[in-house]
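Considered here are two forms of the same protein chain, supplied as structure tokens in two stand-alone entries, structure 1 and structure 2.
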Structure 1
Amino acid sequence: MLDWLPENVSIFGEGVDHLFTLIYYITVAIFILVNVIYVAFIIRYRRKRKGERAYHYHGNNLLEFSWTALPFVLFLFLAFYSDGIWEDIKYSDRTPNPDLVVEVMGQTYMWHFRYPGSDGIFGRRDAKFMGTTNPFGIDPDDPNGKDDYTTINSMTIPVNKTVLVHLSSMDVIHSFFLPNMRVKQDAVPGQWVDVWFNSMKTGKYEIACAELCGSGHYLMRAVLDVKSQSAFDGWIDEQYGSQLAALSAPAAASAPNADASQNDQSAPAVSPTH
């Protein structure tokens, strides 16, 4: 049954799959054990003649104790075993040093991605600047933010590098789901959460939204493009090129509140609300 799992390409995904397999075997074993006994009883202990009597018996404390203690031990073991992997995935003090930080913002029904730009520093953001044209709320006066660039529904990362995602939402709760990376994390408005992962393989993967966010929930799909380091560098240069071109264009400068870096091909036209 586990063959149905989507291909895993991330490092901690191996831990998740390993645990998945372990629990799978344990539960299947228990299921078989219980049901074999069960079916045997059903066959063996039918009433065949009228007036037949069953064994008058109320129970056995030793048995009672052992089938309390055994599962207890087993479940505690599972809990502690799971916890090790859980801590690796989610505890912030276990997160490896990131090679790339990307901010991700959910909006009904799309994903925004923000890269720090050539200076490697994110511009200051403030919730009060947030709007449909400026999903991250980038402070227009902060020079560090000038070269930040954002994309919609497409995320590009280098292979074999630790990526730290800084996640939030600007309206309702979404959930950032990367099936192949075994990543899932809710994006909660008003709150930033960190998730990290790395991909061991290049290629295009799907990003989904896993939390009901409205009737278009099923459409909230993005693409994750894992490139080799050199291809990634090339891609970055290309982005910076168009970025710089856009920046030097006078039109962009005269629109202070507009997001300075809408440069993604797939971006749908978003009309400002104010």
Structure 2
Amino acid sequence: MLDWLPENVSIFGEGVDHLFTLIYYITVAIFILVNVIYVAFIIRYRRKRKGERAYHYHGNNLLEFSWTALPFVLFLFLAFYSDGIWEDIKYSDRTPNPDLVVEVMGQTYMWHFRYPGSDGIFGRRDAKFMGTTNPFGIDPDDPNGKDDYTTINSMTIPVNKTVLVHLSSMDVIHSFFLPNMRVKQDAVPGQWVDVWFNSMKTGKYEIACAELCGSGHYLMRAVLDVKSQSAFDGWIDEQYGSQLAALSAPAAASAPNADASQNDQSAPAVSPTH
């Protein structure tokens, strides 16, 4: 393996690394071979005597067929070799049943993450509701979306669990890149794409945008926080509590006003004195 690659903590990362390493060393070998032949030809066919004339060489059909067929065979081999890895990562029928589903929305220059509330159901979304304060376009009239909660530039997941991401963008094309998970997937406006991963190790890892999305592209970074199951359960319970408290606060604030109004209506009228 190439020791300068980011640490692999993904269950399918080993296959990706093997493919990357194989292509890398094949490329290095071809580079060396081509340059050795190049230098050899420079030395062998350099001009030797003044007035020496070049001669016409028609070509060699076998040689031309060989340097056309060999790359074709090489690319065909790589295609078949990588097909199984690609299917495991990208094919929906190969995706394991998710333990956690998170919606991810790219926005210049930040990442939004949406979790279902305590009911485990995402609220309905519609593009007409999308805006800076509602990047996912959550329908305000859908009760299932009332307890959904979102984070910005921070995604928290449990270790050794399959995480399924519903990915999209609200402005331009971004690329959801998790180097340690060996995941990179374009986020396209108006489309929702599924991508999954499973982390084998707790820790904090980088989430980056791998698509040039503007002058502030370098700022579009987030943190993937992989916690133990118990720590994640505590974190998610805290989020549920905060969200439910925020929902109950307006109702509690309006209750005293309602009681005061009822008291005013029930109080007897007092005649003014002169």
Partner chain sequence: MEAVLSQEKHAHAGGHAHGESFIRHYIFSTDHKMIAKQFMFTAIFFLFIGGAFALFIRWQLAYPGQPIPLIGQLLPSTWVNAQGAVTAEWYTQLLTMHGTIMIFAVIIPLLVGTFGNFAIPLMIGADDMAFPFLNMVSFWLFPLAGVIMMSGFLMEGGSAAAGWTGYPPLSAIASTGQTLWIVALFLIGFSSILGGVNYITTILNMRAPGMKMFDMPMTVWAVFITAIIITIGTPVLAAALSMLFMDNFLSTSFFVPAHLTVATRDMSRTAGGGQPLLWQHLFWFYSHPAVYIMILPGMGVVSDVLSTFSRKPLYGYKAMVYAIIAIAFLGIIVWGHHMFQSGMNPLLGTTFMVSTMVIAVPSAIKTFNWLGTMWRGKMEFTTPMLNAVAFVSMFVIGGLSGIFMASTPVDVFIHDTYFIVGHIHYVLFGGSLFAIFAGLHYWFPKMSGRMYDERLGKLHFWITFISFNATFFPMHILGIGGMMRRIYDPTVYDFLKPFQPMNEFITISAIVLGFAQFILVYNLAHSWFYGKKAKRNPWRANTLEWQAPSPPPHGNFDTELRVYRGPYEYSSPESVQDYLPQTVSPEELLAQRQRHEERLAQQEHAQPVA
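Take the two forms, find the largest set of C-alpha atoms that superpose within 1.5 Å, and that set is the rigid core. Just so we're clear, the structure is a prediction, and the values are computed from it rather than from any experiment. Counting starts at 1 and follows the sequence of structure 1.
Of the two forms shown, structure 2 is the one predicted on its own.
Panel note: of Thr108, Ser215, Phe65, Leu78, the residue at the hinge between moving rigid parts between structures 1 and 2 is Leu78; all others are over 12 positions away. Treated as two rigid bodies, the chain shows a rotation of the smaller part against the larger of 7° between structures 1 and 2, based on C-alpha superposition. On the core-superposed pair, the CA position of Phe72 changes by 3.9 Å between structures 1 and 2.
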